[in-house]
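We begin with a single chain expressed as structure tokens, specifically the form predicted alone.
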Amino acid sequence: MVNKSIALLGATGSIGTSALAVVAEQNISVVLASAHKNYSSLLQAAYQHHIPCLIFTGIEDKALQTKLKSENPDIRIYFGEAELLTAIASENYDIALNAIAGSGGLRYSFAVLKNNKLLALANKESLIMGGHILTKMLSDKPILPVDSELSALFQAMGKHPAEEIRFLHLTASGGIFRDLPLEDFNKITPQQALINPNWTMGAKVTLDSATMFNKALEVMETHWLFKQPYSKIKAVIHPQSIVHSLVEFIDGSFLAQMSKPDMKLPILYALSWPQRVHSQLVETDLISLPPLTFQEIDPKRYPLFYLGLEVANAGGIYPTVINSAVEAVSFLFLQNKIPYLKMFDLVKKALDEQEPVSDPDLETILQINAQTCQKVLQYVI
């Protein structure tokens, strides 16, 4: 069993739901949980897992706020981003799992580390936008990655020093369009893009998998988490999603973390670290596995991945800009306001229009993040 108490930020999304399955099996105490607006799911989880404190960051209707409080008198219920930040700073917990989707997750990761708590991180944007800030806040506690690929690297690296590592290899499923003829890309619909061949994820992450932009984000995360130069970080398509990432050492050997694709495993490892605990949530039958294959990432098929690599090397404010621009074009595409191929063009335009900022502070990051999103939306709306 995992003898820790946790704060679960983003409890009703795909990561949060998987985390609650881990909580149930391991009898973990959840001190507080948050959601945006999904009060029915979060209240159900609160009663099932005896969560005493809930925060809804997106419910602004005063009548609904009063109703939820009056109907659930045994649960402390709060509303708004400020209240979540207050709870992160004041509640007593051992580890916070940040599973909030999108750029809004950065300020909560900052708050957790400022409170000197252990951070299990599923929110990619925290390190993409603020890696240079968050990593300076660490003392003797690492950031524990929850993404399957980053968790795999964390596990495979162990205590090996940086100088023993030749390359870090991230794997990617390639998304739903890895075999689609290029001439059919101009016909791609949102319904098609929201299918992932191996993983069950939210809409934005599933679309990022289809474009492979998520892999560019993971390259940036890897850089900050493991203090490795971009020249030592690679990515490869692995259609079966069994090998979650590999570490190549200077002697030529590889260490990989393998299992069937299920987010419960990296969540469990983050919550139980530095130990491993018994679990039956994820079981992999070696005999039934398909042949494992690897292939290069095609720049014509995945231009956003390669644009993301350019931005990673440019650094400064540009990772914030590309992340915000992709969030905006993803919304536009999923709303049928732009075609699939137009996403790349609008993201490139936003980057070209941005003036460089070499070492942005938190407020600058949040400001430019919001400005970029609005600007990209105004390209179309």
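Residue numbers here begin at 1 and follow the sequence given. For clarity, every value in this text was computed on a predicted model and none was experimentally measured.
Absent from the display: the form predicted together with a small molecule. The rest refers to it.
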property	result
Contact stretch among 329 to 337, 310 to 318, 35 to 43, 349 to 357 - heavy atom within 4.5 Å of the small molecule in the model of the complex	35 to 43
Any non-hydrogen atom of Ala19 within 4.5 angstroms of the small molecule in the model of the complex	no
Pro303 within 4.5 Å of the small molecule in the model of the complex, heavy atoms	no
4.5 Å heavy atom contact, Met263 and the small molecule in the model of the complex	yes
Contact label in the model of the complex: Ile15 to the small molecule, heavy atom within 4.5 Å	yes
Residue (of Pro142, Pro190, Gly102, Gly131) lying close to the small molecule in the model of the complex, criterion heavy atoms within 4.5 Å	Gly102
In the model of the complex, the residue from Ile77, Val205, Leu246, Ala96 that sits within 4.5 Å of the small molecule by heavy atoms	Val205
